[in-house]
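A single chain comes next, written as structure tokens; it is the form predicted alone.
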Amino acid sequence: MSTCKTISEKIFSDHLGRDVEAGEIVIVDVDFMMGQDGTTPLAIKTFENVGANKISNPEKVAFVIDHNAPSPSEKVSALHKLMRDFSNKYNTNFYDIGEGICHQLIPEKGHALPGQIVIGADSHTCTYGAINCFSTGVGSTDLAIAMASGKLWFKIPESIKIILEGSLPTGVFSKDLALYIIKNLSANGATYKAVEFEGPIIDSLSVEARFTISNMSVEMGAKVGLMRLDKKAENWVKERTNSQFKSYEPDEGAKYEKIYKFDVSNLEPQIAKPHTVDNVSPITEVEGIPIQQGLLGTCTNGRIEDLRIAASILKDKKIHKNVRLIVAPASKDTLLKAMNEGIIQSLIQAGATVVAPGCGPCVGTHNGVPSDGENVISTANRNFKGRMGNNKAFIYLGSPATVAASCIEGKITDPRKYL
């Protein structure tokens, strides 16, 4: 067994109290676990069906109502009630409608910390890797068993490393970087791998921008998207918790299945075209495609930094008369900050419609289902057929700047002319 370890191998070794390496199957204590309203009802039913009558540690469990917030139907309301009743019975953490998207709330509230193992019944749980947390999505059944036992099984993933070099051009943001990486690796290029991101470009990004990249790791199949904990990220975490934590860096000589290096100095803004996330082109190849709707929000790009970028472009301008722009802040805290900074006022005056913090428009449950044949430009992480609730619509993915510029002109637009 090699003594030189990746970040994932170090986190699991410390949790287990012995040296482990990629490929080994282990059962390990989970530090925190989360479910949202699309997955938690099934986890609750499984918990009850297996005869569990106690949660191992309620403080380590959180439920978030974000996918249908507020409820759009009688059936969903019944599921929300099931979650509220279960949470009250077992005294778990609970975030009700309006609090925000799970992947913003869990790190924002200090539930996910560096060096921890965190699971969530949602595929984009990999978001917290940006703060050096081994976080990954699981199914409802796995969540149920982890709630009862406090443990879960893992096959420790092989690791790949992605190094981003050069300097970040004006008008190119972390979303563009994520799309560019996925284009190069493909939607299956990192299946069940732990991806470690590093390099001067990562170092230069804000923590919020890093979340965008870790969030989209699963779009190339990755189990987790990890980054080192530098001083910037450490301070971000300490602003949100008084808990102690430990971070991990890979050893010199750690074994990686592959190492990719990308110099992004000449990168253009990127667009993922319908209907796959790896169907990516530079924006100059798709400029001019008409759009009927824009979406600014989601767990990928609904943070305060994203809203600031969009508002800086839309301030004192109007969106095109044939375009709807829907804004869904990532959390209540994000919404309040945006209100205090005048961002929400700028967006609404430009013609945007602001909806409750949540996932609705992205997953197509409510709050902005496009019509047949319509084109949407979105800051979300997925553009599969039917993703926004209509399999006859077409979804293009881009950065908040690209969405804002495109909504002004009513067509896919290079944001650099507005910066």
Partner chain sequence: MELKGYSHKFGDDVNTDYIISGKYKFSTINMDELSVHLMEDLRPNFFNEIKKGDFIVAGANFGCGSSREQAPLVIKHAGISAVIATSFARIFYRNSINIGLPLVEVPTDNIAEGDLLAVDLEKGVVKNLTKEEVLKIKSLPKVMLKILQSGGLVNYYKKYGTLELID
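It should be emphasised that the depicted structure is a prediction, and the values quoted were computed from it without experimental measurement. Numbering follows the first chain given and starts at 1.
There is another form of this protein, the form predicted together with its partner chain, and it is not shown here; the text below is about that form.
At the 4.5 Å threshold, heavy atoms of Phe262 stay clear of its partner chain in the predicted complex, well away from it. Taking the partner from the other structure, its partner chain in the predicted complex has no heavy atom within 4.5 Å of any heavy atom of Gly351. Although the partner is absent here, Leu79 lies within 4.5 Å of its partner chain in the predicted complex, judged by heavy atoms. Residue contact with its partner chain in the predicted complex: Gln345 places no heavy atom within 4.5 Å of it.
Looking at its partner chain in the predicted complex, residues Gly139, Asp142 and Lys223 each place a heavy atom within 4.5 Å of it. For its partner chain in the predicted complex, the listed stretch (251 to 259, 286 to 294, 319 to 327, 117 to 125) containing residues with heavy atoms inside 4.5 Å is 117 to 125. Of all the residues from 59 to 89, those having a non-hydrogen atom no more than 4.5 Å from its partner chain in the predicted complex are His67, Asn68, Lys75, Val76, Leu79.
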